[in-house]
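Here are two versions of the same chain, shown separately as structure tokens and labelled structure 1 and structure 2.
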Structure 1
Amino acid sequence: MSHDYKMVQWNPFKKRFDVWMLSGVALYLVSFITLTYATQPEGNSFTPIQAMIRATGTLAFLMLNFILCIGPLARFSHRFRPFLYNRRHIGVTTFLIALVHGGLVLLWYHGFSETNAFVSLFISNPRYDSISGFPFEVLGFIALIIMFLMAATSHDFWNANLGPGIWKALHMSVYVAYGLLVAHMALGALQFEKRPIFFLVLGTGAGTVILLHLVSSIASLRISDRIGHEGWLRVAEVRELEDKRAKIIRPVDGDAIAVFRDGDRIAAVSNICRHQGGPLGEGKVVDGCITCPWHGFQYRMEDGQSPPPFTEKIATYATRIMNGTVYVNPKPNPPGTPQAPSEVGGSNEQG
């Protein structure tokens, strides 16, 4: 720990992940273009640029769907944690693919007139009052701008200068971009596609994202059975808490609380990492320190402080064990306040 601690960087695991991801991107593009030409009706003219436009557009949409599913899936199964750790790389790659898609669209459909391509994009189709003829390209362009801002500020430099709150608010705009892309694809398919497969893919993707987020939210908000003694919240029975992991409690008021077990020690801290607002409760305890699953930032269980020389601090919460059940006080201590963990079978456990 101490001076040897480093947050997760571009390590061999991430490099292998990137190789697999880029290989998958190449395989998808080649397969899509090959199948596009193989299934074209006789007499249809289709250029390589048009095939690449569709390939990159559908791939960017599918990858964004997957990005938005990573969080809920990681809460249900630890098997999806590697994707959570590498979500930044997937996001930047998705933006670059979308950028290629947008660039090819501008070149092919708006780049051969005397009017500036960007101006042409906004004035070539003024049918904003029509559903079937709506200028869907504009929606895609706005979504691309949002994705650019997210990709450009993904580095830690921007998190440090903007602050975790503003940085996270900016990156939550991914849901705005996603809504725009769903409309972009739906309105575009209405104008040019007769085959139902595109609508099926679009509906399945959007439906999966919405369903996973709803199920995840409902599961996390079930607190009616957690009201315990003297206003403390019931967490779980001791035997139900997985060692080195946490159970996340969400009070009616206030921030989410991560209740960790490390052997016979049980402690509660804020679920929000000070680095980029990552979900600490989805991480684990490493060498006695709570480790954020996003970028490896760590905090001591007993006081919510990062090990020296780091200075980040998070709120701590009082815990207690009564009749084998863990409870947490929903009132937070100031960030960095020492709070002794509860000991399983210790003197602070109440019968």
Structure 2
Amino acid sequence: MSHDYKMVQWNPFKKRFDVWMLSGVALYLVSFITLTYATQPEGNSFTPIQAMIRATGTLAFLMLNFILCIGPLARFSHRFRPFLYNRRHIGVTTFLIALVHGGLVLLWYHGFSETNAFVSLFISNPRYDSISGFPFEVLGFIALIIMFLMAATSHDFWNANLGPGIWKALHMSVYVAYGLLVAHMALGALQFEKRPIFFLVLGTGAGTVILLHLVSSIASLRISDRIGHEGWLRVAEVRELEDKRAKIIRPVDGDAIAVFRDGDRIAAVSNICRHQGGPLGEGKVVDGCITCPWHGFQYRMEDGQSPPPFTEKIATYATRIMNGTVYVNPKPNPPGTPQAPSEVGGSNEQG
């Protein structure tokens, strides 16, 4: 969880993860460069910097594809959640690899001249009015700036200080960056390398990202049972609620609600984690606290507050049990408002 911002947030899981990730990065770069030299015809060979430009460009793009697939994959199978948990480290690593790519391009293709490299980036190819002739480097540059802003604000310190709305909006711009990069490749490398594999990689990457997002957003649109009673929404029969888990209710308007059961206690909170908006209703009650499936932030059942020393708060909702059926009041209490859980078989069970 989040509170000592000075601390680098490493733990045994993240350390193991990062070792694997960096080994993968090294393996990719070494294989790419070795094959780049081994497969050129006799007498032809890349300059080392140009081989590196390609190795890092392709790797950063492939990693970005994977990052964008983690969210939907974690919806389909909670087994992918550990990737989500450490997505930030994959993101920062991807940015650094892309930075090497962009930096080498600026040095190599735009350097060694009287014209400033950054000026050259924008003026050397002036065909802004053409599609196939467009200066694709500029698209890569804008994407790299977006990736930089995201990497720089990826720490929880920024999440807490910018507020979840701005932070989320900033980090949604990864989709803008991705679109720019697809164009960067289509208008750049693919205008030169015309063999099918290049089109295949770009097409499969973009196709997978789009498809996974479509399917997962359709899946999360499924509207649950909204039959109510005097403005209260029906949740489920008590016996249908699994212990320590939640059912997610989506009111016609307003945010989704997660209704948790912990033994005989039933309580409802916002489905949206204060941290990065993770789906709390897919989480679990651990030691009496609702625990987010993404990064493990916790909130107390009875007031939606993180246990001290943490200070995050989420909205709570009133619940009641009538004739063995659980209902929730879709009007949220302000975040952190105490709201006594309903007791199964307790005094506030009516009927």
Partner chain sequence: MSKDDFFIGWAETPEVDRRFMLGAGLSIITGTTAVGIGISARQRPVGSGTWNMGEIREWRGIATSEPYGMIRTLDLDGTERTALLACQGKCGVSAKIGALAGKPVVVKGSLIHRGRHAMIAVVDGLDWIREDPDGSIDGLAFPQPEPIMDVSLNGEIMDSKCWFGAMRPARGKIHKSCASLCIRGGLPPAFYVRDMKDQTALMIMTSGGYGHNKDLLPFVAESVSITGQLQRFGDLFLLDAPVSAITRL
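In this text the structure is predicted, and so the values were computed from the model without any measurement. Residue 1 is the first residue of structure 1, and the numbers go on in sequence order from there. So that the term is clear: the rigid core is the largest set of C-alpha atoms that superpose within 1.5 Å between two forms.
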query	finding
Pair member which, unlike the other, is the form predicted together with its partner chain	2
Flag for residue 31, CA shift 2 Å or larger between structures 1 and 2 after aligning core	no
Large Cα move at residue 317 between structures 1 and 2, threshold 2 Å, rigid core	yes
Core-aligned C-alpha movement of residue 119 between structures 1 and 2 reaching 2 Å	no
Core-fitted comparison between structures 1 and 2 - CA shift at residue 131, Å	2.6
